[in-house]
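This document starts with one chain, in the form predicted on its own, laid out as structure tokens.
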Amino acid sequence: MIATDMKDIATRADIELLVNAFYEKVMKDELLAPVFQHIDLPHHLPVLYNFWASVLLGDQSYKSNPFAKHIHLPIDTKHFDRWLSLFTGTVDEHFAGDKAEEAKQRALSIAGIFQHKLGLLK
């Protein structure tokens, strides 16, 4: 393992940093921005903080169904590939450690499940 001065994801503040940095990229991305431009980010970001804090920190603050929010979006595998690329890159820019690796693995798993449920994977 390479020595690094980057810290791991450990707190809600870390989750907020990750989500904010990630969505800053999403909203500037030529492929993803049009899909998510209708979202009220000031309202939606706390929901995303809760989701990732529940997934990574076990805080049980997320009480919804993430798949249901994505069912009607005009997305396909290329959108998921870009989402994963941006998410993984954002994690790697800000964090290093077991939770950072878990975040990337969870994102990969979520993308796979969503694509399967949407009938995008054969």
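As the structure is a prediction and not an experimental result, all values here were calculated from the model. One rule holds for the numbers: they count along the sequence shown, beginning at 1.
From this point on, the text means the form predicted in complex with a small molecule, which you will not see here.
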Are all three of Val35, Tyr62 and Ala107 close to the small molecule in the model of the complex, meaning a heavy atom of each within 4.5 Å?
yes
Non-hydrogen atom contact His94 with the small molecule in the model of the complex at 4.5 angstroms
no
Heavy atom of Ile75 within 4.5 Å of the small molecule in the model of the complex
yes
4.5 angstroms heavy atom contact with the small molecule in the model of the complex for Ala111:
yes
Is there a non-hydrogen atom of Ile39 within 4.5 angstroms of a non-hydrogen atom of the small molecule in the model of the complex?
yes
